[in-house]
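In structure tokens, the next block holds one chain alone, the form predicted on its own.
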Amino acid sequence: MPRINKLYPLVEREVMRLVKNPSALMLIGLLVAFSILLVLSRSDKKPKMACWIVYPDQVLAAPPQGSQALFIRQLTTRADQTQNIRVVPFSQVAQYRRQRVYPAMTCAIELLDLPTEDRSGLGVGYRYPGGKSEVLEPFLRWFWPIAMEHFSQVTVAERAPSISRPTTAAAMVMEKLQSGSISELMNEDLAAAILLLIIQFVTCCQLIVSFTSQDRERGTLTALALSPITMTELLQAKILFHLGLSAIGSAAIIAVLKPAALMNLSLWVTLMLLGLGLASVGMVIASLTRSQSSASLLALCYMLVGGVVFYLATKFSAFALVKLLSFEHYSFGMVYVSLQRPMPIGRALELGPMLLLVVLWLTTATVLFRRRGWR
């Protein structure tokens, strides 16, 4: 069990080191400043395109507590909070020669089949004017998190031109990376997710590598090892401090870009697991290297290799399998989706494998640091 009276001075020591290292604080401040610039660059223009989400009329006759009726009611409630989304039955859509006709500047997401007890498929059709499917993107980003939140993991039987088929948070991001152009990819939600991942890497991996390697070069770790403080308590203090620092930086970015997501439990659980995993990676790197320069370089290589593998996974299936062994794969999708819509913890499918990988890294970091990391 950790001794609080021993952890407190160790955490306070890490705080004083950060105060004396203005470059680290400056980097965190620059990331927050970049998020402020994103907010200032927002356009005040309202989107002109509207979207109808249309469902079968038989849902109206279904039991009020049935899964289908609850899903439609949830869609309707959330659509009422927007200005350009309507949820209506098929009977309210005009028809001409057996073809549904929508108003000008209107696209549609047609729910052709809803899951039942004996059928799990969600049949979806898409309609959009002018042959430009990208007009549906903002509405699909609104619709799919709600569908995943209600039905958990669903299969999709498409009856119209395909645009997106996300079944999990990670799959949603990968579909977007594979099919989107640069202009479509660079939206505020994706930029916020990338900033959160960067600040987690800086605070939980890069800084812990730098501080630990510096302590070893100065002989501070050896002195601490000879004191009544155990190596496990020292490791706990370091991880606790860097998790707290990452939480402060993440909260600042979320408050600027997505203030509504500050109360999103799934987002914070994902960020804390990601920070714990990156801190474990940092301790492994610091334990295996002998100098501060080589440790910092290896930490940078870890980030760059991860980015390369993530990109190659959109092109080659072999790299997609490798990517499944990294907790960043699961965290990125969860962060991206959680910024848009709260997701119940019980239906966050990525948290299970992510937790397993983090535990493996943390166990490895603990063993290496206690055996050779302080020497």
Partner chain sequence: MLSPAMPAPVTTAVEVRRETILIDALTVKYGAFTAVDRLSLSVRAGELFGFLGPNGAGKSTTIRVLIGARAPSYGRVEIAGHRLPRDFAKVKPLFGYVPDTENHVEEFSGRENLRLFAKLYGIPLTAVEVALARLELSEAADLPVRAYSKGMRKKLLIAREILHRPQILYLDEPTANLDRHSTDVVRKLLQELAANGTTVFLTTHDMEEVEQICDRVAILCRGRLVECDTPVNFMTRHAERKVLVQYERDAVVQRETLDLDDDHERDRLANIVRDESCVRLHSQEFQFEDVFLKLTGQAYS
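Computed from a predicted model, the values in this text were never measured in an experiment. Residue numbers count along the first chain shown, from 1.
Unshown form predicted in complex with its partner chain; subsequent notes refer to it.
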Worksheet item: Heavy atom within 4.5 Å of its partner chain in the model of the complex: which of 227, 91, 293, 77?
Response: 227
Practice prompt. With its partner chain left out here, work out from 297 to 305, 280 to 288, 198 to 206, 216 to 224 which stretch has heavy atoms within 4.5 Å of it in the model of the complex.
Written response: 216 to 224
Fill in: Distance check, residue 16 to its partner chain in the model of the complex, heavy atom within 4.5 Å
yes
Worksheet item: Is residue 21 one of the residues lying within 4.5 Å of its partner chain in the model of the complex, judged by heavy atom distances?
Response: yes
Worksheet item: With a 4.5 Å heavy atom cut-off, would you call residue 352 a contact of its partner chain in the model of the complex?
Response: no
Discussion item. Even though the partner isn't displayed, in the model of the complex is residue 25 close enough to its partner chain, meaning a heavy atom within 4.5 Å?
Written reply: no
